[in-house]
Every structure is written in C-alpha cells, then in structure tokens.
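What follows is a single chain, given as structure tokens, in the form predicted on its own.
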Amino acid sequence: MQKAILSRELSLLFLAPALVFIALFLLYPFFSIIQMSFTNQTLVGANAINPQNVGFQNYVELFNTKDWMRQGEMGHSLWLTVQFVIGSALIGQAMLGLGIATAFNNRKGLLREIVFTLAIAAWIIPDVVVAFAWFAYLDPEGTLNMMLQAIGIQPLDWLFDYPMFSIILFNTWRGTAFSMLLFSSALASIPPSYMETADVIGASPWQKFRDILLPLLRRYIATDLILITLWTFNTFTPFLLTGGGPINRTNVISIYTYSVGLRFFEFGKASAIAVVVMLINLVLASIYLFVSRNQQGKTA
C-alpha cells in the first residue's frame, strides 16, 4: 500500500512541471482574456491605467446587427473567414492532397519524389520566407505575370484585384502537404488485393476510387477536414501578404482580432473577439472528438 502511495506521489512530482506550464501559459491567459473582455482596457489613455468594468458592452458592440456585416466589422470578418476556410482548406488542401496521394498511390519514381519533396518543403519553410516569395510571385511585375505575358495574357494586380483568391491559393499551396501525407499513409494501409480484384473485373479508375478507396478513407477524410479547418480558421499568415486589405477584403478573423487589439489598442474589445473565437474553436474541436470517438466505435 505504501509503495502505491509513493508511486502516486512520485508520478505527481514528474507531472508538476507540465502542470505549472499549463497553468502559466494556458489557463492564466485564458481566464485573463475572459476577464479583460468585460472591461474597456486599452493600451494608451486613461483606460490603460484604470480600466472600467463595462459588462457585456464589448459583446453587444461586436454583435450589433446594424453594423454586423459592414466591412471592417466582425460579421464581415467571419464571412471572409468562412470563404477562406472553404476555399483553401475544404476544397483546396483536402482535395489536392487526396488527389496527389491517390495519383501516386503504390507508385515509385523520380516524379513522385519531386512532388512530395516540393509539397513538404512548402509546408515546413518559415511563414515569413514563404510569404515574401509569394508576394514577389503575385506582384504586378512578378513571376506569375511574366509567365502570363509570355503566353499573351495581360498582367493583373492579383493582391489588389483578387485578394481573397490570392490568399486562398497561397494557403492551399502552403498546407496541402499535411492532407497529402495523411491520405498517403491511409492508402498504404489498404490491402493491394482490393485494387487487383477491381482490375480483374474491369473497374474504371473512377469506380475504384468511388467504390473502394472513398469508403475506406472516410474516417481519414473526416479527421483531415476538421484539423485543417481548425488550423486555417486560426492562421495569421495571410496578414503577411495583404495585411487584411485592400479595404478589409481579406480581413479574416485572426487579422481582425490583431487589428482591434494591436492597431487600435482596444484590448477589451479584442479580448471579447478572442473569447468568441475560442468558443468557435471549442465547437470545432468537440466535433472532431465526437467524430473520432464515433469512428473508433465503429472500427471496434
């Protein structure tokens, strides 16, 4: 009995550094943000020294139906975020990653190594380096317009005329590697006899994908969609390309929170936005856990 008590105390001792880390860097900021969201805290001025408790005023301002969908307000920012997530995560990264993984399934060679290496490199290179490279690529006098001019197409100012498309394209290129690697691992676990049987009976590539691969990949697709949705919803990288502009046309929720808090110094209002974002993330994470447990229950 004494040995069991000692082992429990010893285990708590080993866990103590992790618990302190969680308390200092996760729990304390979490509750501090919630507390600050009910104040008019600012970085400068009288409210910086003596912030007042304003109750739910920050939340009322955020969800004011009169200005909800106006450019530069939270409703408009959330709508832009939905477009960004659907375009770059659900359609772009997931579909492109699945397509690459399927195309190179059970294949070896130089082309596969080049494609996988480039996709992984795009994923692991630091954000600032990648953003500057894409800024040069999409510049009116950049690489993309030079290639278009070579085939007789007039150059475009991509970041000004098509800012949302530009950041969707950028984020798709940036994050496809995760989906590609996940689906490649999933496809490698499928017995080759399934595809060989389909070849014998004369199934087309689309029939093999629809009737064999897609059902077997369903739980991996669900996991991939939820994870990349969370990551894309919270990413700040588009700021390096557009800064939320032009005219707030790429002002996704992460950039909107930054602008309110660190551009206009309204810490109380920015904290309220952060609380709303945390709640949205909590819902998405709960969906992920529910789907994961449901899939585990089915496989068990």
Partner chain sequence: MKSPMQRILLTGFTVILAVFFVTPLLWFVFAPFNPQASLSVTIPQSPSLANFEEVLSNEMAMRGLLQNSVIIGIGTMVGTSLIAALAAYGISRGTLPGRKILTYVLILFSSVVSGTASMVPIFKLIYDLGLIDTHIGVILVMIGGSIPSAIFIMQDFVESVPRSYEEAAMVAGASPLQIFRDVTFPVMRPGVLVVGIWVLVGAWGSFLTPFILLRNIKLMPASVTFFLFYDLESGMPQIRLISAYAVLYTIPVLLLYLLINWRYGFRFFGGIKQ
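Every value quoted in this text rests on a predicted model; they were computed, and no experiment measured them. The term rigid core refers to the maximal set of C-alpha atoms that superpose within 1.5 Å between the two forms. Residue numbers count along the first chain shown, from 1.
Quick note: we don't show the form predicted in complex with its partner chain, though the next part is all about it.
Participant: With its partner chain left out of view, choose which of Leu148, Ile86, Val128, Leu214 has a non-hydrogen atom within 4.5 angstroms of it in the model of the complex.
Facilitator: When its partner chain is considered in the model of the complex, the option within 4.5 Å is Val128.
Participant: Looking at the partner-bound form in the model of the complex, is Val252 within 4.5 Å of its partner chain by any heavy atom?
Facilitator: Outside the cut-off, so no.
Participant: Answer for Gly99 alone: is it within 4.5 Å of its partner chain in the model of the complex, judged on heavy atom distances?
Facilitator: Yes, contact at 4.5 Å.
Participant: Within 4.5 Å, heavy atoms only: does Ser32 come near its partner chain in the model of the complex?
Facilitator: Although its partner chain is absent here, Ser32 would touch it in the model of the complex, with heavy atoms inside 4.5 Å.
Participant: Are any of the heavy atoms in Phe132 no more than 4.5 Å from a heavy atom of its partner chain in the model of the complex?
Facilitator: Result yes; Phe132 sits at the interface with its partner chain in the model of the complex.
Participant: Report yes if all three of Leu15, Thr117 and Ser271 come within 4.5 Å of its partner chain in the model of the complex by some heavy atom, otherwise no.
Facilitator: Answer is yes for this spot.
Participant: Can you name the residues of 209-243 that have a heavy atom within 4.5 Å of its partner chain in the model of the complex?
Facilitator: Result: Arg219, Tyr220, Ala222, Thr223, Ile226, Leu227, Leu230, Asn234.
Participant: Would you say Val200 moves its Cα by 2 Å or more between the shown form and the other one, aligning on the core?
Facilitator: No, shifts by less than 2 Å.
Participant: Taking the rigid core as the superposition reference, indicate whether the CA of Ala150 shifts 2 angstroms or more between the shown form and the other one.
Facilitator: Shift at Ala150: 2 Å or more after core fit.
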